[in-house]
Every structure is written in structure tokens, then in C-alpha cells.
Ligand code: NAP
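Quick heads-up: it's one chain on its own, the form predicted alone, in C-alpha cells.
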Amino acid sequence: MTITSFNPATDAVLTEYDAHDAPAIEQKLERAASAQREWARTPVAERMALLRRVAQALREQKAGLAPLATLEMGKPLAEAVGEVEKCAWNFDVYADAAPGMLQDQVVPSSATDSRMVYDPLGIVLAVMPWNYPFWQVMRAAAPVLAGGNGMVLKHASNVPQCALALEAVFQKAGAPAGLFTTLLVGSGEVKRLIEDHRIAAVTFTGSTPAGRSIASQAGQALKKQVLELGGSDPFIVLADADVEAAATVAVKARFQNTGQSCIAAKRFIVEHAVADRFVDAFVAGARKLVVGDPMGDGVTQGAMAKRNLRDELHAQVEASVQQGAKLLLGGKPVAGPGAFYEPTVLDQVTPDMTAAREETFGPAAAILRVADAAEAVRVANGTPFGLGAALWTTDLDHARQLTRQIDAGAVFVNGMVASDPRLPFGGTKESGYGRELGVLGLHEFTNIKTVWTGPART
């Protein structure tokens, strides 16, 4: 099998790799297992020292890493630079916080001493997507390694250079050989990897259908799993909101990373009283987006990662227009080479239309108009997804009430949904389960062990 790296902005093949065969996989897994066993016995302070060196290596190699993401999946170069910087920050955050997170937790009981301790699980298999080829991996790797585990990466097959570059970052940082291992394999190998006795747990980010498959395989093997799946995040704008500020943030929330993010705002749910103002400001902002060579200066929207994904998005847009949505901007592929798609805005969308029912993974926004806050919440919750949500209002007491009613793993009030290493991240419903980041993200991949000690007897 061949793993191909291609440039979605030009359709050109960049390089090809032979997939790792069975002997190579066996060798890598055995080396990973050996490294993890030693790492589990390594003092926490030494683990944190490695995390700091990884952060330093990321910053030192930023100028080489960022263009790889741009070349392989099409994001604007400035966004790729920011992605690498965020990865380094993540490792610094855990280097500072993980020692406290891993301390024994004393729990009063009938024992002389009773406590929870956090032991490593083993090797975590990371099955990761292409849309944030560095961040998705490294947001999981920092807490996994801090907790004394190892990581084996099966990355998306269209970003092999990024996958290998991450392995090289750990090598440069002086990580034990095999502690972080990249496998170049196809999706058909995932089940066998999950079943391997050296794999203790699985973390997966990707589509909901793929997540169902991973969950089934991991469940059959009785392996712990964390799943971050699809989303159709609502961006709710109430009548008392700062409409112009909301619209400005909404453009970034929808079109960042060319709209290819699980936590991108996808459904803009706006009260009728301010809908026209919001739509005018939002469309004006979207018109300012610059589509072009993602390596170019000033470009704010690059290519979609694959032509078939662009075709799927276009079919969703056309279906929604046929169903009665009003096309205000864009609505078609950009002519010429590459997987470019025009920034697209659909107004007068209703909850039964394709753009509202399905996840639109690209630069297309759906605007739904509602009568009041109660209807906004009903519409927001009216999908199978529950990853993130944004709520815009100047009444913070009302906001606190509404945030408890919205089905989501995170609700951002007067801001756009984003991941932060200090806060837990994950979804509910068909957007997955488990948490990454924060203290919960560290504890997900530990054996939370109860230690009960009675009085010593002589």
C-alpha cells in the first residue's frame, strides 16, 4: 500500500511512502511497549522536563512545520503557524500543571488512610484527522505522556509528512525511542491495532460514522476510548446582543480553517428582531475573505483538503437552495486547479433543510431565524450533535440559565468556541464522549486507583 501526500491547492502529488508492513508494525509496537514501561517508572519531574523540551522543539521548528500543514491540507500559512504555537503552549501548560493533577487525592473514609492515585494505563492509540494535523495529535499527546503513557499515532493518510514530522519533534526533544511512534498505515489496520495486547486505550477524533466503528472495535476489545466526533455547532444571537461584534466573530467562527473544524459555528440562529442587521454585517465580513494560494500573504481562506469533500459540501449547498434557502453569497466551487470553494452564506434556512440537519464541513454558513430565545434553544438542540455552542447576549443572568439548557460539551457566551489546554473539551450525544484537555483530559488515560490502608498490626 502507498500513502500519498498531495497538495489540495494545486492537485500535485508531493511525495509517496510505502505503508509500514506487518514486520515494521510489530517492531514499532514492541519498541513502544518497552519505552512506555520505562516511562511509567520515570519520576514526574523528568516527564515534565520532556514536555518542556517538546514545546521548545516545536517553536524552534515552527518555520518548517507550518508549511507542511499548509501543503498537505490547504490551510492558510498564518493559521498553520498559529497551530504549531498552540501545540507548544499546550505542552507548557501541562508541564506546569500536571504534577498537581497527578498528586494523590486523599478521601476521608473509615480507613487510616484512603486515597485515589493515578497510574498510567499503557500505550494509547491515537487515530487522528487531517484538519488540524498538529494540534489534534499534540492536544492528546501532552496529557497522555504526562500521565506516564506512550502514544502510537495512526494519522489521516493525506498528511503523512505531518505525521512523520511529529515523530521527529519528539526525537529532537530527546524522548525515549518509541515513546511517541508514528505508523504509516491505512484505516484497514486500525482494528488490528486496537486488538493488539500492547494497546491499552484509544483516542479518536473524526466523523461520527467512523467513531461508531472505533467505539465498536474498542468495546469488543474492552479498551478505554475517548471520542471527539462531528458537530453542527449553533451560534445563537439574541435580540439584546452586540450584533456587530457577534457578526465579526461569526465570520471567523465559520470560515477559520476553511470551515473544516468540528467546533466551527455552522448554524447561525438569530432572533428576528436583529436578523437583518446580523445578516448584513455577516455577509459584509464574509465578502472580505481572500481565497487563494494558502502560502500567499493576506490569504484568509485556502483550499479544502480534498476535492471529494468539496463536492459533498457543494451538494449540501445545492440541496438547501432547492429546499428554499436563499443564497446570499458564493455557492459554487472556484474554477481551476485545487479544491477551492467560495465563501458561502445561506439565509432563510429552516431546521429541516440539509444545511441545518447535516454537518457542513467547509466554508458554508446557514442562517436560521427564530422568534425568541426559547425557540433558539429548541433549534440549537434539534440535531444529533452536541459538541460546542456560542450564545450572544448582554443579559448574563439569562445567559447562565440558557447555557444549562443547551446540549453541548461547551457553551461560549459572547465568544467563539475554541479549545484551551486549561479547560476540558469534548461533546455529548453523537458528538462523542470523554474529555480531552484540562485535568479531566489527563485523568481519562490513567488508572484511577483506590488505595485503602487500615491500621498497622503488630
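This one's a predicted model, so the numbers in the text were calculated from it and none came from an experiment. Numbering starts at 1 and follows the sequence shown.
Missing here is the form predicted in complex with the ligand; even so, the following discussion is about that form.
**Q** Taking a heavy atom within 4.5 Å as contact, would all three of Q136, R139 and E228 count as contacting the ligand in the model of the complex?
**A** Yes.
**Q** Can you say which of 179-187, 94-102, 281-289, 69-77 gets within 4.5 Å of the ligand in the model of the complex, counting heavy atoms only?
**A** The contacting stretch here is 179-187.
**Q** Evaluate F340 for contact with the ligand in the model of the complex, applying a 4.5 angstroms cut-off between non-hydrogen atoms, and reply yes or no.
**A** Outside the cut-off, so no.
**Q** Answer yes if any heavy atom of S157 is within 4.5 Å of a heavy atom of the ligand in the model of the complex; otherwise answer no.
**A** Within the cut-off, so yes.
**Q** Does the ligand come within 4.5 Å of any heavy atom of A210 in the model of the complex?
**A** Because a heavy atom of A210 falls inside 4.5 Å of the ligand in the model of the complex, the answer is yes.
**Q** At the 4.5 Å heavy atom threshold, is F204 in contact with the ligand in the model of the complex?
**A** F204: yes, in contact with the ligand in the model of the complex.
**Q** Answer with one of N90, T344, N131, S320: the residue that has a non-hydrogen atom within 4.5 Å of the ligand in the model of the complex.
**A** None of the other options qualify; the answer is N131.
**Q** Looking at A275, V127, A165, V379 here, can you tell me which has any non-hydrogen atom within 4.5 angstroms of the ligand in the model of the complex?
**A** Filtering the options by heavy-atom distance leaves V127.
**Q** Go through 243-262 residue by residue and record those having a heavy atom within 4.5 Å of the ligand in the model of the complex; state none if no residue qualifies.
**A** Going through 243-262 in order - heavy atoms within 4.5 Å of the ligand in the model of the complex - there is one hit, C262.
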